[in-house]
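Next up: just one chain, as structure tokens, the form predicted on its own.
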């Protein structure tokens, strides 16, 4: 009798758990996220976002961290392929070195979705990336307004500090920015690269240029961590917040902190949350091997474009400008609060 009572109670408890956790009870299976490193806030934020959004559409996410080691990620890919998950989400440590493992996974019938770090040398099932050229264009729009407010017209001197010159991310931002600024011939742009994306290199560039060009109106750096050393160089020259305007891109927490302190006026974010949400929106179709129709889609409120490229379906998502007026909105990943609204699959 006691065994029957306990069995009934256990069944009732399981039923209550299932009712309270429908996503867990009705899991469609596991998706493995191959994250390159957990040493920066973008990557840790991506784990939380992908886990959350995949759960919204019914999948359990398992994350494997490669600690920025190519051989580790290659080994992890082999192991995961043998587990035959529903899909793999890959942010590659090394673009070229992981391409054969994408081929191997897809040959085994496992779809591969690429997050953030675009791989164009082989086919994958969906790539979700930031619109980097568009980030540069948005920065240009904001800088146009800042210079007009400061100087009465769109004129002045801008120091642009790129990341590493071998990185397409920074080159795309530069292209978008400079192409749009061609409309303003009275703006002189000085462009210099911070090799290896090293923050100290950016600080040195700013310090040197403040001597060579003491009339710099605005500094545009291509990542928030570069803005930190730019501010240090400004302080070392006796500058106060607002003396030299500062714009950055990628939307990291340190950039938002500089806005709150008055040193930085605008941060153009890389849309981490939307990039993760896009993968979840299309996950069912990718896993069912259905066609992803090119066109315009709303991803967390952002107008995004899905195209068919040589490497497969590619969704590009623009960033957004962050200023004191909207800085506390949770949609910006730099606030480290993933959106609470659920993502729905694309029908």
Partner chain sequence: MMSSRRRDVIEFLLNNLVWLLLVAVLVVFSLTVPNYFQIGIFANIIEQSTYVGVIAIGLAICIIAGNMDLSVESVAALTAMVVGILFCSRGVGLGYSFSPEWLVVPISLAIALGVGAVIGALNGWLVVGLKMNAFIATLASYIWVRGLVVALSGGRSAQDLAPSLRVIGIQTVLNIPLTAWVAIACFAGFSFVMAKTPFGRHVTMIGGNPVATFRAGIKVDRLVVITFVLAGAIAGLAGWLLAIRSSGATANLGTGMLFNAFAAVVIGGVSLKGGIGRLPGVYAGVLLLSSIHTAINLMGLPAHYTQMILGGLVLAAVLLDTVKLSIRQRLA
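Numbering follows the first chain given and starts at 1. What you see is a predicted model; the values in this text were computed from it and never measured.
The following text describes the form predicted in complex with its partner chain, which does not appear among the structures shown.
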Considering its partner chain in the model of the complex, find the one stretch among 273-281, 98-106, 229-237, 172-180 with heavy atoms no farther than 4.5 Å from it.
229-237
Single option in 200, 149, 78, 121 placed near its partner chain in the model of the complex, where near means a heavy atom within 4.5 Å:
200
What is the one choice in 63, 305, 44, 27 with a heavy atom within 4.5 Å of its partner chain in the model of the complex?
44
So in the model of the complex, does residue 40 come within 4.5 Å of its partner chain, heavy atom to heavy atom?
yes
Considering non-hydrogen atoms and a 4.5 Å limit, does its partner chain approach residue 261 in the model of the complex?
yes
Even though its partner chain is not shown here, does residue 131 get within 4.5 Å of it in the model of the complex, heavy atoms only?
no
Distance check, residue 208 to its partner chain in the model of the complex, heavy atom within 4.5 Å:
yes
